[in-house]
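In the block that follows, a single chain appears as C-alpha cells, in the form predicted alone.
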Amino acid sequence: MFRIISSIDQASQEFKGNQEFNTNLAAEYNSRLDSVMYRLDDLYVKRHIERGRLLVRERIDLLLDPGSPFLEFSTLAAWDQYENTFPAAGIITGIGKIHDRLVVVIANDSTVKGGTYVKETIKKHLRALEIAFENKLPAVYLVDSGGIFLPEQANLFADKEHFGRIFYLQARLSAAGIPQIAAVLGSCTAGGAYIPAMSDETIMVRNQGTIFLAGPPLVKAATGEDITAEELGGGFVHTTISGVADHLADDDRQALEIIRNIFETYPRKNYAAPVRSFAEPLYDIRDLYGIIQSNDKFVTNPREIIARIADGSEFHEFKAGYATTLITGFATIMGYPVGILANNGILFSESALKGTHFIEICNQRNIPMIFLQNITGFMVGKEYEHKGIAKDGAKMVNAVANSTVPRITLITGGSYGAGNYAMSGRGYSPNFLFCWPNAKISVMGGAQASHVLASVKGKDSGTGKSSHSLLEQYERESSVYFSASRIWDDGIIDPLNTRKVLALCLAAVAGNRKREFKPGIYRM
C-alpha cells in the first residue's frame, strides 16, 4: 500500500492552537470520567467498602485476564440528569477478555441507588446485550440490583424497550448458542431474578447473594409470612433446594474465579487474534490534539487522522481524485483489514455515489468498515436538487442500511442532518459508535436552526423561544455530553486511545458470519 505522508507543521500557530484547545477538552472529559468512576467520598461507596464488599470495577478487574484491556461503554450515561444521583446509570458494561476470549460484561453498581434501574440503565443494559448478540460474544452478568427504580416505573416497565426486553434478548442469545454466565453478588429482586434464571450457569455468594420474585416485606404483606432474605432466596436455598443456581461461592473473589473456571471448559475460540502481523503508524497519535480543528468551521484533514491510526500509515485510497469531500480506501488496524470512509467536507451527489460504490465493494469482499464522521450534511440549493442529490444520497443511505459487514462509527467532529445517516449514525445500527470530546450531534447547527425558524415565523419562532434561547438550546443539546448521557453513542473516547479502541472493536466483530448483501432499489 501507499504510505500517507503527513503535511502537518507542528511549529505552526494553527497546530499549537488546536493542541491547546483539544488538550483542554480531553482534560475536561477525563475529569468528568474520574468523577463518575472514582467516588471514594460517596457515602454509599464508603458503606459498601466497610461491609467488606468489592466495588463493581474491582469485581471486573478480578474477572478479566490480568493486564488485559476493558472497553467500557457509556460511562457518562445519565450525566447531568437525576441531579447526578445515577453515575454511569448505575451499571457498568463493556468488553474484556477471560482466558483470552472476548466477552461482554454487564455489572450492576449497588452503591448507586441499590443498583436499581432508570431509563438509561435499561438502555445501557440492552445495548450491551445487542453487542453480545450481534457479535456472537458470551455475556457475563455480575448481578447486584434491586430491580426497577420504583419512582420511575412508568418509564421502565411496560414498553417495548423497557425492563422486560432484557429477558427477551437473553432468550434470543440462548437460542443462538451464545453463552451466558451470571454471578449473584448481592440482591436480585422481582423481574431481575430472571437474569440468573435464564443464564446457562449461575453462581451465588453465600450469605450475600439473594434471588426472589418478592422480598421479605412484600411476602409479609401478601401472605403474612415472616421470613429472612437468606431463608427466602439465599445461595444455599437456590443451590440445594430450588435449583435456580448451580454454584455456591464463599465470597466475591471465589464467585469470579468460578466464572473464569467455567470459561476454561468452553471450546477455545480466540476472537482477539489479528489477521496478520502489523507495523505501528509512522506518526505519533499525540499529534491528533494539534490536528483536530478547534474551530468547527474548518475541516480536519481525515488523511492526517488515518496516518495516525492505520498500520504503517499505509492507506490504499479508492477514487482518490474523484468526489474528494469523501475519502475512501483500505487499511489495516493492528492487523485487521478495514475499509475507511472519512468526511472531508460536505457530501455532494458524486460523494454519495462514490460512498455507495465503496460500501458495495467492502460487502463483496467481506471487509469491515470504519466511518470517520465529520459532516455538516448534504449540499443544498437549486443546482444540486436539480442534479438529483436526494436520490443519490438515498443510494448511500440504502447501502449503509443494508450492509452486512461490521461497521464501526467514530464521530470526529460535527454530525448533522442526513449526513449522520449516510455515515452510519446510531439509527443505522453500527456495531459500535464512539465520539471524540469535540463531537457535536444535531439535526443542524444552532445558528442555522435559529435562522430557519426566524425566517418562517419571525423573531418568535412559535416555540415561545427567541433566536438566542434557541441557539443556547441547540448548543446544549448538540454537546457530546448530552449525547453520552442519553446513550446515543457507546461512549466518548480520548483521541489518543482511538487506535486501541478501534482494534478491540475489530476483534469483537471478527466472529461475525458473512451474509449476502442485498441493497434495495436504487432510484436511477
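All values reported here derive from a predicted model rather than from experimental measurement. A residue's number is simply how far along the shown sequence it sits, counting from 1.
Note that the form predicted together with ligand COA isn't included here; everything after this is about it.
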Query raised in the report: Using a 4.5 Å heavy atom cut-off, which stretch among 492-500, 61-69, 43-51, 479-487 contacts ligand COA in the model of the complex?
Result: 43-51
Query raised in the report: Of these, 148, 323, 405, 449, which has a heavy atom no more than 4.5 Å from ligand COA in the model of the complex?
Result: 148
Report summary line: In this chain shown alone, the residue from 116, 202, 424, 438 with a heavy atom within 4.5 Å of ligand COA in the model of the complex is 116
Query - Partner proximity in the model of the complex: residue 328 to ligand COA, non-hydrogen atom cutoff 4.5 Å - result: no
Query raised in the report: Can any non-hydrogen atom of residue 190 be found within 4.5 angstroms of ligand COA in the model of the complex?
Result: yes
